[in-house]
Structures are given as C-alpha cells and as structure tokens.
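Form predicted on its own, single chain, as structure tokens, below.
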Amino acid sequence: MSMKKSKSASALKLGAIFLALYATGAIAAKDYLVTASRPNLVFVADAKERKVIKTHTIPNTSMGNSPITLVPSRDGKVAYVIHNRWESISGIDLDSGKEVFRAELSEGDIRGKAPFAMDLSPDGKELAVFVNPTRLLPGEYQVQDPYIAVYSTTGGVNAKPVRKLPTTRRVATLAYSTKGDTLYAYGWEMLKLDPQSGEVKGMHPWRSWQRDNRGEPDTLPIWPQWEQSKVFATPFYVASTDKPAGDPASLRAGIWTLDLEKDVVNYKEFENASVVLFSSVVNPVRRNEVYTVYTQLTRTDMESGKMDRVDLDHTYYNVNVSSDGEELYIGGTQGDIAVHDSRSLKKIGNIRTPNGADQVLTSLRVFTR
C-alpha cells in the first residue's frame, strides 16, 4: 500500500472514530452563558472555564439605561435584546458582535415600549415582542392599545412587524410552546394564543384562580429561564383568607410551573412568606427540583415541598442551570455570576463581568454548542 493511501485510510478511520464518539456524547457540546450589562454590553461566558470569552457592544442605545430581556437563538449564534429605554430590539451576532437585526418600537409621535415580554419561535424564524404604545401630543399623552409585534428574524437592521396581534395589558412574559403552535402571554391570566392570528385558544387561570381559603396570587414573572427544561417557573405569593392579619401563616409562598411541551400546570406552596423570592428555574434532569433566588438560593422539591436554602454573597435576580442539571448560574443585579453546585448548593465558582458592569434586570440564558 502506498504512503498516500495509508494516510487516507488513517484519516478516514480517525474521522469515523470522531463521529462515533460525538454520536455517543463522548465529545459533548459545551454550555455557554449569555447575558447583558449596563450600559450597552452583551457578553458570552464559557460556563466550565468560568470566564467571559466574548464582549460585544450594543450600538445606538441610551447610555443611561440598561438592557433587559435577552433571548438567544437555539444554536447560540444570535442574541436578541431589548434596550434603549425599552424602545429598541437588537439581534447581536455572538461570534462577530455585528448587529444583524434591529427593530425600533417608536416612530413619529408614537413612543413604543417593550416591558420585558419577548420570545423566539422554536424554529428561530420569528420574534414576538409585547409592545405598549403611547401617542405623544403637545398637551397630552394618549394611551394606545397594546399589541404583540411579530418580526421575521431575517428582517435585518430595519425590521418591521410582519403582523401585530391584539392582546391584553400587563403582559410580563411571552413564551412559545415547544412545537410553536401556541404563544403563551402571561398577564392577569396565562393566555394561550394562536401565534398567527392572536386568537385566544384557552387559558390557565391566575387572577381568576379559585382555591379554598386563598386570595388572589401575585408574582413577578419577568425573567425567562426555561430553555433547559422547557418548563416556565415563577414564585408566587398568596394570602390565606382563613388566617388573621399578622399571623405568619396568613401569607404563603410557592412555585407555579407550566410545562411548555405538555401544557400542564403544577404548583406547590412550601413556606410562609418570610423570604423574598424573585426568579426560578427547573432542573432539566431532576425535574422535581426548582431553584429560586434573591438574597438566598432555595431548592424546592415540587413533589414533597422539602426545601433547602443557603445565603448568597449579595442580592441576585435570576438563576439558570446547566444542561446536565449539576450547576446553577446566578446573575443579575451586580457585576458577577455565581456558580453553585445544584446538589449541595455550595458556591463552586464565580464569573466576573467586563469591568464589573452591572447586569441589573437583564436575562441570564444558557445555550449549548
């Protein structure tokens, strides 16, 4: 056999081995974190290496404001972020930093604001954004009807909505079902919308949620963290109407979840409301476990209600989880992302943001490559 043929055969053999290893997961894809920080930065961190590997600047934005909701494409190539005092959405290429998408919500005498609610369709082709418009007149502000603007992600840097869906006020979360055939709009109720027409197909009750000896629940569902488990989760508080005011048991706290694949709701009250709870994430492997943060990190078993809790170094707003369910990433508020072991809850690492830039209310998302 000639040397050339021998080398070719060896290369083919090595290629076959590589593909076999990749197929069996021996060469695993890595988890990356993407988030934003004040005043105009988007950055990507290698979760295992505990370091920021890419820092990108959001162009043409208000320097006195911070980015908020951030949604990465499933392949981790583009991150869409609300910024510029909530009046612009940019799509930032996470490799090059180039702005590849931009939509302006304000035009002429209309000022449009996007207060948090935004999601990308599962196929990555459309971006849905909840918009509150106001007409600015010389002597008054005229409040307009809200709508959900749906954009094609191929719309470029002068994107216009391909359609506008009517909706209710007070929508704080938009979330597509895993099949893309339902767009959940979470406001007074969790509405189930047809993503093409905006028709209400059904709902999961929230404000109208009726339970014995319980009042109307309250929550702050502005941090999207369901990409790993495909389960939306949010803490909630609710008054016990059969308890006297001032009784520690008169206000209860719990977790409410919605499976975005099965359209199934689950909830668990697990303590008196003595601790502030901000955002939650479901473990994609041990799916009964939900983690919640603010000044403390809490793990709750949604089946038994058993709770474990540790103090955090400072206030954090949002929490996410690795694809293997073993690590927790806790961010928001200040200039770092804490890494905790999901079993022991002990802190095992820390990732600093560029120049210690504050993340404030922005999202902390995970993608895998």
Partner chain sequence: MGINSRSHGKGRWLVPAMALIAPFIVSSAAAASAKAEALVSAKCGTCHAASEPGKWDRISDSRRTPEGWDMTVARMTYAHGVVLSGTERRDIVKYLADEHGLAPQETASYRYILDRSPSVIEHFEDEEIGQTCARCHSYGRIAVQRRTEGEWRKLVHFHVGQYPAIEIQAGGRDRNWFEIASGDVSQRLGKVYGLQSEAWKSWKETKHASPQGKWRLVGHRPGWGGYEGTATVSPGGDDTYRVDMRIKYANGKVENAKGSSILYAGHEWRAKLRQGDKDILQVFSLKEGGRELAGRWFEEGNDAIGGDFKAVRADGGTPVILSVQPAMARAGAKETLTINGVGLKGEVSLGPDVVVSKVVSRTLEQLVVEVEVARDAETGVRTVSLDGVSSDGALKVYRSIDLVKIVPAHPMARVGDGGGKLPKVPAQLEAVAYAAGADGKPGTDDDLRLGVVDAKWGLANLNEAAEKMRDLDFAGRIEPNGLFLPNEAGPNPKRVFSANNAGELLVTAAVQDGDRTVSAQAPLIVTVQRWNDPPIR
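Positions refer to the first chain, counted from 1. The shown structure was predicted, so the numbers you read here are calculated from the model rather than taken from an experiment.
Note that the form predicted in complex with the partner chain isn't included here; everything after this is about it.
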Quick one: in the predicted bound form, does every one of 125, 152 and 350 get a heavy atom within 4.5 Å of the partner chain? no
The partner chain isn't shown here, but in the predicted bound form which of 216, 109, 261, 199 has a heavy atom within 4.5 Å of it? 216
Contact assignment for the partner chain in the predicted bound form, among 30, 314, 51, 306, heavy atom within 4.5 Å: 314
Segment assignment from 225-233, 249-257, 167-175, 88-96: heavy atom within 4.5 Å of the partner chain in the predicted bound form: 167-175
Evaluate residue 207 for contact with the partner chain in the predicted bound form, applying a 4.5 angstroms cut-off between non-hydrogen atoms, and reply yes or no. yes
At the 4.5 Å heavy atom threshold, is residue 75 in contact with the partner chain in the predicted bound form? no
Should residue 143 be counted as a contact of the partner chain in the predicted bound form, where contact means heavy atoms within 4.5 Å? yes
Is residue 220 near the partner chain? Define near as a heavy atom within 4.5 Å, in the predicted bound form. yes
Heavy atom within 4.5 Å of the partner chain in the predicted bound form: which residues of 115-149 qualify? 115, 116, 132, 134, 138, 139, 140, 141, 142, 143
